Structures are given as structure tokens and as C-alpha cells.
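Only one chain is given next, in C-alpha cells, and it is the form predicted alone.
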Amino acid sequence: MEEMTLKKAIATAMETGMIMLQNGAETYRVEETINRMISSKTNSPVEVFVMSTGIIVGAHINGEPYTTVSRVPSIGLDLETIARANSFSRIFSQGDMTQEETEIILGELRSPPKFSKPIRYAFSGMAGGFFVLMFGGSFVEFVLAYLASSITVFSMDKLTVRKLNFFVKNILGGLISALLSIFMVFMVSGLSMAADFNTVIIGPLMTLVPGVSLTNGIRDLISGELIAGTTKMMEALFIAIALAFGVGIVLQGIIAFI
């Protein structure tokens, strides 16, 4: 295979892996995807090393070693984008795509379709509200958790735009969740409606709990990716600590005030 053709294949595989990693894919899955795409274009050995924040690929081109490194900033979680990238990698590996088709699909993966913000906030509210029902909450508590969850996700979006440190951002997220829950319970108590803020606060907090990061960390550990798995589990742990810290500030403030 010509040198430029193989380099293009490596660049395509790297970008596909970056897209998957940015959107929350497990590191072992990203390694398998990149390895499969490059190996389909060359018989030479391919080495792929993926971490939570970077990708290193090594291959041989005309007998000479070739290595490329890319740092990968995290974007968030998008399972649909991961699935599309995975499907693209398999079609690419079969050799049935032209360079133009490859660029078109990569462009779509770079800018995947997104739900509108109102829909996102509405369903985030539903997620938080139904968690409250799962824990035995009343209909009033469901409605309060719905509102608190929607506003919390909206607030976290605003904090994300400001590019705050992830630990500080999650402290503020826990603080906002607690303040909203207590404020709403206080408001409905004036209307003679019973609601427990300990139950209501479950909703907005559950929209912030890093369940996917923890699950991916465990899956990476099981797959033998010890560094990546430990990193993701530590990230999930620190997010949980930050959320607890934010809630604790509010509760301690209320206790001191009372």
C-alpha cells in the first residue's frame, strides 16, 4: 500500500477513535476499533494505546516505524454517536468506501444531530422525577423533582460553557440541586402541600451522578485496561465527592441557620 494511503487510513482511524472516546466509549472498545481499521489496510503490526485523555498509534510504513499521538478532551456522553462511529469503522474495514464517502461520514460524526435544549431539559426533568417515584416519593415530590432536575441540568450547561474545573463544577451542581429542592419544598409548604426535601433532592442529584463513567471504568478493568479503568473510577469517585460536598454545604448552612 502507498505511504500516503496508509497515513490517511491511520488518520481516519485516529479521528474515529477520538470521536468515540470524547463521547464516553470504553478505552478497550476504542483500541479495538482503531486496530481493526488500520489492520484492514496493512499486514504490518499495529500498536494502539488508549487512555482516557489520549491516543497513541504505532505502525510500520515501508518498513519504517510511524507513530502518531493525539490528546482527546472529553465532551460528554453520546451513545448514538459511539454506535454510529462503531458501524462506520466496520464498513471502513471492509474496504467498501471511497475517500469522499469517508469524509462525509466523518463530518456527520463530528457534528451529530442533537436534541433541542427544551426537549433535553424536559426529559432530564422526567428522569429525575421518576427516580423520586422509584424511591417512594409522592406525586407532589415528583413534580418538584421534575422542576429541580430541569433547572439543574440547565445550570450545569451554563457552567460547562464557562469551562470550570470539573470538581468545582460538580460542587456547584450539588449546591444548586440542594438549594432548588429546599426552596421548592418551602414554597409548596405555604400551599399546605406536604413534601420532603430529602426525597425531592434525589431527582436532580441522580441527573448528575456519574453512573456511566463508573460502569465504563469497571468494564475497562475487567478487560485488563487497568490504567484507564482506574482513571475513570477515580473520576466518578471525585464527582460523587464533589456532589456530596455541594449538598453538604447547603444542609450545614440550613442547620446553622436554624
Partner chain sequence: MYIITQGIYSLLCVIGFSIIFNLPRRLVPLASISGMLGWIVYIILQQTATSFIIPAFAGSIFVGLVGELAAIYKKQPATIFIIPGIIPFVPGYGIYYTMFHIIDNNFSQALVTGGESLFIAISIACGVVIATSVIRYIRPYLMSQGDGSF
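Positions refer to the first chain, counted from 1. A quick note: this is a predicted structure, and the numbers were derived from the prediction, not measured.
Keep in mind that the form predicted together with the partner chain is missing from the display, and what follows is about it.
Put simply, I254 is far from the partner chain in the predicted bound form: not one heavy atom of it is within 4.5 Å.
Heavy atoms of A11 never reach within 4.5 Å of the partner chain in the predicted bound form, leaving it off the interface. The partner chain in the predicted bound form comes within 4.5 Å of no heavy atom belonging to K169. A residue is said to contact a partner when one of its heavy atoms sits within 4.5 Å of a partner heavy atom; L77 meets this definition for the partner chain in the predicted bound form. This chain lacks the partner; the member of I56, L214, I227, I61 within 4.5 angstroms of the partner chain in the predicted bound form by a non-hydrogen atom is L214. Residues within 4.5 angstroms of the partner chain in the predicted bound form, judged by any non-hydrogen atom, belong to 77-85 and to none of the other stretches in 100-108, 159-167, 184-192, 77-85. In the predicted bound form, V153 is the single residue of 140-160 with at least one heavy atom within 4.5 Å of the partner chain.
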